[in-house]
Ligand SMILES: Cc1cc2nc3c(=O)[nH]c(=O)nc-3n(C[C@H](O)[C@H](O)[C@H](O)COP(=O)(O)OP(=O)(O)OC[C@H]3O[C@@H](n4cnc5c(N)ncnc54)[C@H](O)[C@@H]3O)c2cc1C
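One chain follows as structure tokens, the form predicted alone.
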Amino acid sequence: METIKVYTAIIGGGASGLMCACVASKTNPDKKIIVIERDNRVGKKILVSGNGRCNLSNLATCIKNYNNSFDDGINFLLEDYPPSKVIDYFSSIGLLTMRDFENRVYPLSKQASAVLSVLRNELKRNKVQELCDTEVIDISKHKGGYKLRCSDKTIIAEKVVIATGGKNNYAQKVVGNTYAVAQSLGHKVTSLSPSLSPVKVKSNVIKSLKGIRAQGSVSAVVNNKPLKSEQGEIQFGADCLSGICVFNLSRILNREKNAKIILKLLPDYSFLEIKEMLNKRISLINNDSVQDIFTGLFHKNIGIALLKESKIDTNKKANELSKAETNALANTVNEWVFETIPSNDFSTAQVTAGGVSCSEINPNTFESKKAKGVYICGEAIDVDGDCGGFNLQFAFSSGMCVGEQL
């Protein structure tokens, strides 16, 4: 069996691992650094991020965009490795970027492949070796460093970086425990759940809305307590709700029982204003079908679904509606309630919520408190952010931080 001796072995060729390798190899030009990737190539998740455009950061990044188990959050990382530093680094290795009206940062070419290419080109210039189709089976201490046992080779490293990513693998199509290496060194992994994913709901009418989109606001309510609200475009699936605003609630709703989403189709209107609007529309169409009440306001199928959800016969004439039925319809428009179904399906999740406990990681260096000379960065850690470039910002900034420690 082949034995390879290196200064640093970086386990995982995703965003944080590649950034770490780039920075570490620049500051350690005479030391051998390798990236170990179990898939057949590095950076596959980068290629599909941002719908293939790679939303690599967000200039409005702040602490409220993240969930994590660090005692003081990720303040150090945001202060010392802000979006501007990540963007400046990418500029230094050849990537031009642009920002949109929501402060999301993309490559100027709008191609995720550009992000991966500049990272790999930098690795090539700095003579960093990529070991693909290679999975670390076991790790143990060895003469002041660590021994990594793989299927066909052994790697001896002075320092190790765990950048294995989360449990979601929709891009990489590989299976296995991405936390096994950290766990073998004594690390605890917090509860895992899919995040930034569609939310499954119980509904008798949602199937008819598949593929339809609407603007509104959504709130996550658990045990009748509102926990978080978002506003934007809602997308209806055959058995789920999605869209960025729903994605930002999915961390809560995929974990919690007795939870529901409250959808407001007209968030800028009160219940009384909605009822007044409906009464005017009913008077306008008079003897026409109740299905015409929402013409010019919502998609036809949404209107029918609202009627059914309010238990109104869709064959009625508008002027046949009782006051109680009008009130029920106004209430549904104002607060359309969907009971949610907790999910452990990572196949459509952009991010894994949970990971290696932050209490076991130095928040200033990302060095393991369990194993000296071992660092952990990126999605392997119990840190997950909102949709909009915040997760890649964390991956790149934590990788940069670790790279500078090596």
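This structure is a prediction, so every number in the text was calculated from the model and none was measured. Numbering starts at 1 and follows the sequence shown.
Here the subject shifts to the form predicted together with this ligand, a form of this protein not shown in this document.
Taking 4.5 angstroms as the heavy atom distance cut-off, pick the stretch from 225-233, 74-82, 131-139, 271-279 that is near this ligand in the predicted complex.
That would be 131-139.
Test of understanding: in the predicted complex, would Leu241 fall inside 4.5 Å of this ligand by heavy atoms?
It does not: once this ligand is placed as it appears in the predicted complex, Leu241 has no heavy atom within 4.5 Å of it.
Determine whether any heavy atom of Gly50 comes within 4.5 Å of a heavy atom of this ligand in the predicted complex, and answer yes or no.
Taking the distances in the predicted complex, the answer for Gly50 is yes, it comes within 4.5 Å of this ligand.
Even though this ligand is not shown here, does Ala21 get within 4.5 Å of it in the predicted complex, heavy atoms only?
No - in the predicted complex, heavy atoms of Ala21 and this ligand never come within 4.5 Å of each other.
Would Ile33 count as touching this ligand in the predicted complex under a 4.5 Å heavy atom rule?
Ile33: no, not in contact with this ligand in the predicted complex.
Between the options Ala163, Ala157, Val246, Val333, which residue brings a heavy atom to within 4.5 Å of this ligand in the predicted complex?
The residue from Ala163, Ala157, Val246, Val333 that makes the contact is Ala163.
Ser368, Asn65, Gln350, Thr340: which sits within 4.5 Å of this ligand in the predicted complex by any heavy atom?
None of the other options qualify; the answer is Gln350.
Counting only heavy atoms, which residues in 303-340 are within 4.5 Å of this ligand in the predicted complex?
Read in sequence order, no residue approaches this ligand (within 4.5 Å, in the predicted complex).
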